[in-house]
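Shown next as structure tokens: one chain only, the form predicted alone.
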């Protein structure tokens, strides 16, 4: 296991586990979350098929600490540069060509919620609590939380949650599609890890990457371009399967 900026990394059965690891609240060390090059190195491990984002102990993450942010600004540090770096980290997480699942227990606030929103699938325990409390400190979510929450829940609910600064529970999070499923907290890790294994264990990496690329294209490209890319990926995988079958049949 390797730990950098209160975030730990390990691999089990070709599944990466990224743990927010500064209990009890798992506050983020800084707005940049962790160095982008570190995340790229971790997720470039050969054979990696999926990624689980989890929180050590009872909570997912309380996010950043506004007081720390204000101290950074007063000391002359370039807060905007740090925020931009954090955005790049979450953009890389979101655009990975392997499935990424967040397993959420306890509090998931601020920057912690922004990390969860960058994951492709979100499971939470029945005790999970969600909030963007930044407005109570006269700021707003800075790691693209305004964008991703709006994309996930729609404008009215995102506006109510961000500008209201209120906390919601697991049931309301599921109802507004902020999470995809509520799982008993004692089963959360195994459930998320098990789904990653089920989706990927007997799949060639080329298929996993192909599916993920096609689905990213559906979100990021025009409909016409996404359909062209889907055809290209489909034909590439067909050629690969023919080649694999031919090689296996050779004496």
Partner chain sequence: METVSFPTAYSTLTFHLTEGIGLLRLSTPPSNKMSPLFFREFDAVINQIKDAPLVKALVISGAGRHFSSGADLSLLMEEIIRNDKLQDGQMEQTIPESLVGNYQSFSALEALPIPVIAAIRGVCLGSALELALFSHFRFCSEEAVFGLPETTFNLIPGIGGMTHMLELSGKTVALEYILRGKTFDASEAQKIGLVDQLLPRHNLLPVAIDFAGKIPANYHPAKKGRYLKNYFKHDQT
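Numbering follows the first chain given and starts at 1. Since the model is a prediction, treat every value here as computed from it, not as a measurement.
If you look for the form predicted together with its partner chain, you will not find it shown, but the lines that follow are about it.
The three marked residues, 120, 199 and 232, each reach its partner chain in the predicted complex, with a heavy atom inside 4.5 Å. By the criterion of a heavy atom within 4.5 Å, residue 99 is counted among the residues contacting its partner chain in the predicted complex.
Although the partner is absent from this view, residue 10 stays clear of its partner chain in the predicted complex, with no non-hydrogen atom inside 4.5 angstroms. Among heavy atoms of residue 203, some come within 4.5 Å of its partner chain in the predicted complex. Contact check for residue 37: every heavy atom lies farther than 4.5 Å from its partner chain in the predicted complex. Of the candidate stretches 24 to 32, 208 to 216, 37 to 45, 54 to 62, only 208 to 216 has residues whose heavy atoms lie within 4.5 Å of its partner chain in the predicted complex.
Residue-level contacts in the predicted complex: of 91, 180, 175, 77, one residue has a heavy atom within 4.5 Å of its partner chain, and it is 180. Contacts of stretch 182 to 197 with its partner chain in the predicted complex, defined by any heavy atom lying within 4.5 Å, are made by 195 alone.
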